[in-house]
Each structure stands twice: as C-alpha cells, then as structure tokens.
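Next up: just one chain, as structure tokens, the form predicted on its own.
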C-alpha cells in the first residue's frame, strides 16, 4: 500500500515521512532528507549501524525529537508540533522501562488509568493483553519476580493496551540473551499479526530484520539507502554497503567490459545474468551459499581457480575459505549432511559460479 506525497487519504495506521532533516551540534546530520512511506498494518524495520539515524527517526515520529524540517503524517493527519502524549503512538524501549513499584496488571493498565477509563473496562483490557502476551495469571506479580523476557512482554502489553495506531520499538530485544531474543522475535511477529497494528522496529541486527519484517529500510549516515522486502534487500542489494551489511557476501572488485560481462583484477572474466550498467569499475556480489566447489569430472563452465586456505565445519554447513588465483579471497558454504569435507586446506579447487548468482553494484 503506497501513500501520496502529502499522506492524504491514507489508512489510519499508515505513516508518511517527507524530507526529514535533523542536525545535532550544527554539523552532525542525523537525518538527511529522509522520506519513507509505511503501510497500515505493516511490520517495518529501520536497519543500520550505530549512528545511522534510525533511532533519531523513531524519536521524531514519537515526538521526542523535533525535526529541523520536513513533515510526518499518520493516517493523513500531521503529527508535527504535537507533544508525545497527543500522538496516537506508543514506544517500547530497549530497557524494559516497567514501573518496579507496580504489579504487572497495574503496569499494563497504566495508560488506561491516565485516560480515566472505567475500572471494569481496564480490568478486562488488562486480562486481554496478558493473554495476548501469554502472561495469564501473573498480573499480581511485581516486575522483579519476572524474567527479562517476561518483563519485556509486560512492556509490550502496556504499549498495546491503549490500542495505538502505531507502535515504535527501539531495539527492544538487545538486552535479552540469545535464546530469549529468538523467542521474542516470534512473539513480536505474532503480536503484530494478531493486533494488526503498524509496527516500526529499530535494530542493527540484520538477522532480526530479515526474519521479522514485511519491509526493511537500510540506513547509513542519516540517509535511507534502500527500501524493500527482506528478499529484495538480500537478493538484490542496490549498493555495496547494503550487500555487505545484510548477511554475508563476497565482494569482488571488477571492471564491466560489456553488458553482463566483467573482468576481475587477475584477468578472469565472469558473466552476470542481471546487469544494465555502463562500463567501468563495479563490485560483484556473491553470497557464500551461491558458490559451489566443482567436482573433478564436472564441466569447467563459469568457474574460478584457487586453493583452500581453511575449512570451517559448523554442523549443518561447511564453509570453505578459498584464495583465488586472482589474489582475492572467497568464501563458499556447502551443506554438510554429515559427510566429510569435500576439500581440505591446501587443495587446489575450482569454484563454480552461476551467472544468476552474481549481482553488480556500484562501488
């Protein structure tokens, strides 16, 4: 679902940010002409390294930071100039931020108390929210009696209780250990699906972004570099930075000598199925799982010669580090299937590369 330039006529949970700029200290551009459209009911992730502007963007949407210029609309209505409590938006932070002196039920019902809802309505909504986050029967406990994962669920239930049109999540899983983080990823996706509320999720963890999002915006230096589905971002990165930041990637320096034809530094030439750029220097992106060791009786086809430097067994997969004859280093990953490694350190090998597996991106 797209939005018009002014966000007019959009669904209640649809968000439109236009030409946002924010500078700190007169020199640091935290937001540099950022424009993003987020559909109602979408799980949208802002992804990028520390300092890329993703949290500043989230805070501008919430009203905690005033942008220097640009506009923010939610459901076609301007948010600019509204204080945080006046916005139909709630935020879940990295720290659980639950009130330690209140019970779980009191925490969940806090926003409804501030809205002076009837006690019976609050009690029913609290029970509904506790069931939603799977904390039934724990309403009488204090946060100190809960695990970290349970406290984060309390924070989520409190944020969802007032039925915001937009829920902002600022790296809410980073304080959890790996097992809890994996569990909460599934919980967050389930909650978003069941409530239908628009989620805007901030993270620097590309695995979180790939596994949870409907769409992802990759940010760097206050700019949005690419917006797309997880598949689009991973399979068709628009820039070298995006390819390198999302998952693992072999980045091969090359020169485009003809449409779809490239020459590596060592003189080897490769074909890529998708390429429409002009001649000149580019980076060829090759995911490790898309390269394969060629068998001894296999036709040479499109391949690169090299020697195995290291073999890393990781249970389901085995990763081979190959020193190519061209001087570059390449990683490829093959399923282990419990079999011994196909090659050992020091072996001479050929790496088979399907043209459809290569993507040329600007340097």
Partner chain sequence: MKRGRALLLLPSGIVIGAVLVLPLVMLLVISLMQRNPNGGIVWGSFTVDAYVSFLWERGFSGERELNWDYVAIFARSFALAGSATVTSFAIALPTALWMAFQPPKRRLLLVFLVTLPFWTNLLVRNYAWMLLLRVDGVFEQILHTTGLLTGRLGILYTPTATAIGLTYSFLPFMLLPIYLSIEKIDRRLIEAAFDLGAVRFRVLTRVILPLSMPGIAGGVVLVFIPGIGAFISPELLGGGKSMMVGNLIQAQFGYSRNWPFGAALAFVLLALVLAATYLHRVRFRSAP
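Nothing here was measured: the structure is a model prediction, and the numbers come from that model. Positions refer to the first chain, counted from 1. The term rigid core refers to the most C-alpha atoms you can superpose between the two forms while keeping them within 1.5 Å.
Form predicted together with its partner chain: not shown, discussed below.
Every residue in the set 101, 111 and 116 has a non-hydrogen atom no more than 4.5 Å from its partner chain in the predicted complex. Stretch-level contact analysis of 122 to 130, 211 to 219, 227 to 235, 152 to 160 against its partner chain in the predicted complex, using heavy atoms and a 4.5 Å limit, identifies 152 to 160. The partner is absent here; in the predicted complex, the one residue of 265, 97, 146, 175 having a heavy atom within 4.5 Å of its partner chain is 97. When you look in the predicted complex, the only residue of 247, 260, 84, 288 with a non-hydrogen atom within 4.5 Å of its partner chain is 84. Not displayed here, its partner chain is kept clear of residue 192 by more than 4.5 Å at the level of heavy atoms in the predicted complex. Remark: residue 241 does not count among the residues lining its partner chain in the predicted complex, judged by a heavy atom distance of 4.5 Å or less. In the predicted complex, its partner chain sits beyond 4.5 Å of every heavy atom of residue 331.
When contacts are judged by a 4.5 Å heavy atom cut-off, residue 36 does not count as touching its partner chain in the predicted complex.
If you take 79 to 96 and check each residue for a heavy atom within 4.5 Å of its partner chain in the predicted complex, you get 84, 85, 89, 90, 91, 93, 95, in sequence order. After superposition on the rigid core, displacement of the C-alpha of residue 231 between this form and the one not shown stays below 2 Å. Relative to the superposed core, residue 193 shifts its CA atom by less than 2 Å between this form and the one not shown.
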